[in-house]
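Given as structure tokens, the chain that follows is alone and in the form predicted on its own.
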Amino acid sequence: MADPILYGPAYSTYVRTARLALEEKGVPHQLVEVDFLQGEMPEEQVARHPFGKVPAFEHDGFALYEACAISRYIDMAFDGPALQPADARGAARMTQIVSVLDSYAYGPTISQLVIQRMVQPMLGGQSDEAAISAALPDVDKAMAALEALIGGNAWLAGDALSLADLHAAPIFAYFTATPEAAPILADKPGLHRWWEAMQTRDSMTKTQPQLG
């Protein structure tokens, strides 16, 4: 059986989510870098993903796109520790958290705060402080929702690592590198405890992107 191939840039949060799943399952794989940060999405990637996004995935002739679908496939198709709760409530909680991250956390946290605070200066531009200020209430609201959901659990969806954690970790890796993160997380001990544990995992070290 051929090793799976993941298409997308290592710096993408969604690509990293899929890479984290592969690493947590111990699956040998190939990452084909697709860089679009300073230009349009290459045509070959649009052929893999009709909406011109990343990641795309291929395994033994089976093509797939969208990080949530890819990570679930990885968990179900390969041996290794389960990354999805077996019980109905745990699975529902995991899905809820992934939805919260996609629908309410990613936009203000990555597309607004991180892009303005980190990416624009890296590309030679200036941060839009008004855009950052406008994003912070929504960032805080999303983080407060996650804090309420984690409660006293060791991991976001329960007592075992799940795809919810792998979906959140790449977002947190960038978020916590901004100066705005510390005051937002100051009153969220559950998320602080979770991030301390998450960032030390081998899968996080192995998938650390190189920026700049």
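In this text, residue numbers run from 1 along the sequence as written. None of these values were measured; they are calculated from a predicted model.
Heads up, the form predicted together with a small molecule isn't pictured, but that's what we're talking about next.
- Residues with any non-hydrogen atom within 4.5 angstroms of the small molecule in the predicted bound form fall in just one of 24 to 32, 65 to 73, 178 to 186, 147 to 155: 65 to 73.
- The contact residue chosen from V54, M143, A173, L161 relative to the small molecule in the predicted bound form is V54, the criterion being a non-hydrogen atom within 4.5 angstroms.
- Interface residue remark: W194 is not counted as part of the site for the small molecule in the predicted bound form, having no heavy atom within 4.5 Å.
- Looking at S203, you'd find every heavy atom of it more than 4.5 angstroms from the small molecule in the predicted bound form.
- Among heavy atoms of M41, some come within 4.5 Å of the small molecule in the predicted bound form.
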